[in-house]
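Only one chain is shown below, in structure tokens, and it's the form predicted alone.
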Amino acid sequence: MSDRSEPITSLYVHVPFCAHKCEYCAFYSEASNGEMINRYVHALIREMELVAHDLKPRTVFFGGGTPSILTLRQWEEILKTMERLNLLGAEEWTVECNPATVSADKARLLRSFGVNRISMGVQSLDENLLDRLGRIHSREMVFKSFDILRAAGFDNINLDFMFAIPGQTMDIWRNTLREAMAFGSEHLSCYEVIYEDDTPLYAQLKAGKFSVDEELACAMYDELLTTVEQGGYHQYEIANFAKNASAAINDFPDRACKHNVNYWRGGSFYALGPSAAGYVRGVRTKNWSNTQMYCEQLERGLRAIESKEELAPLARAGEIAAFGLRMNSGWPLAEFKHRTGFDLQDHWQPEIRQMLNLGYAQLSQENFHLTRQGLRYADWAAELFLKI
């Protein structure tokens, strides 16, 4: 269990602006507006000031939306504030970028303040599929932006891809994977398209404009696992693959995203910005999913928190168990007990037995983890643990 006197070491910042809302996106984001973005930046600075006393970031993650849509001047305001508040110097500092909004000046500025990891939302290298998803970048922009980031000194880059996109064939997916390997990025995140309520893609599915081919989606996932392994990437979570600079691999390859591993291991983190959900010392918070309301609250000197929730210890332990099982390494039993105060085998014995009987999990004296087949059903496994 964490020491309550120790500062929190992970920080997430949500930048809710995009040039255009993508067809599949269910995250809180909105088309950019210069005046509102300036107002947001000033509110974010106020929010940072309110929590800085309790922060000593080891990992920082700016997600969105599209953080790279912020102008040089806006980034300078945020970065200089972080310098003033002693929030620089994170071991891992990620900023999400869209290939259409990467510039050499911006890349150099971020790198000069200590940003050392970029996550670029590619999604596809097929022009027709990019259009299908409502992306604003072209395939050419991906190659150009990657070169800009390398030239600025970024040696830790993640590329995001999607599969099972409507209209995506196995041949297109194979070509995408072949080109993805050629980049030589340190990390890949590859997600199956999820049809979320209130997205245009979901509406098109419901209207019968296309159908979901589960068999093809499974075949694409198998192709992904085989290709990335041959390319020198190691899967450490259902959708995440990283390279290993050293010869030995422990629980995680060394290019694994440390910020996300903290989530999956049930660690605390502050979350700033509209709609951002944080978890600090057993209390879950969620900010207002409304940029104007977020700004108004902070302009009055208040945190922009819409809700707070503190789970009962056993329920929280079940949640931590569920998140950790997304990772290939699963849960070291001793670490789980240290984190939660509960014995995984004692409190979830029937669930563990059910998963073992199905061949979805493996249990040793030290560890419980899902098998390769079991990882396909990680959401189902999570539900078993969340029922407590």
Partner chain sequence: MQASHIRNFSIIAHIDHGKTTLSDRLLHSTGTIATRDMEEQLLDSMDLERERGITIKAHPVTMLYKAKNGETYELNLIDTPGHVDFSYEVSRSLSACEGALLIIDAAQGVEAQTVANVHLAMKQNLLVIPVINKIDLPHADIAQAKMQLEDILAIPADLAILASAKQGIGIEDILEAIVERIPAPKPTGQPSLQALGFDSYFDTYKGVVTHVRVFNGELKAGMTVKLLHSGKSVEVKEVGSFNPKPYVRDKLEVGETGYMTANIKSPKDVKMGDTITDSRNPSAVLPGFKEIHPMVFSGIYPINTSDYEHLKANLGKLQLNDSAFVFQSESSVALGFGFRCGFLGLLHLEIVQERLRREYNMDIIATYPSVVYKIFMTDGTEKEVDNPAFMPEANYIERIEEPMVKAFVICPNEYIGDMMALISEKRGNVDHTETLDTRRVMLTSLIPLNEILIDFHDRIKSITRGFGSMDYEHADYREAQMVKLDMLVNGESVDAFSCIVHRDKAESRGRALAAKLKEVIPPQQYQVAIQGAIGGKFIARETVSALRKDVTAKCYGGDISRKRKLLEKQKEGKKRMKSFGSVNIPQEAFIEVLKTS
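Numbering follows the first chain given and starts at 1. Since we're looking at a predicted model, the values are computed, not measured.
We do not show the form predicted together with the partner chain, though everything after this point is about it.
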### Task
Have a look at 291 to 299, 99 to 107, 134 to 142, 233 to 241 and name the one stretch with heavy atoms inside 4.5 Å of the partner chain in the predicted complex.
233 to 241
### Task
Scan 229, 214, 91, 127 and let me know which has any heavy atom within 4.5 Å of the partner chain in the predicted complex.
214
### Summary
Partner-free chain; cross-checking the partner chain in the predicted complex, the single residue of 113, 183, 252, 191 with a heavy atom within 4.5 Å is 191
### Task
Using a 4.5 Å heavy atom cut-off, state whether residue 334 contacts the partner chain in the predicted complex.
no
### Query
Should residue 284 be counted as a contact of the partner chain in the predicted complex, where contact means heavy atoms within 4.5 Å?
yes
### Message
Would you classify residue 8 as touching the partner chain in the predicted complex, given a 4.5 Å non-hydrogen atom cut-off?
### Response
no
### Message
Quick check on residue 152: any heavy atom within 4.5 Å of the partner chain in the predicted complex?
### Response
no
### Heavy atom within 4.5 Å of the partner chain in the predicted complex - qualifying residues of 322 to 338
323, 326
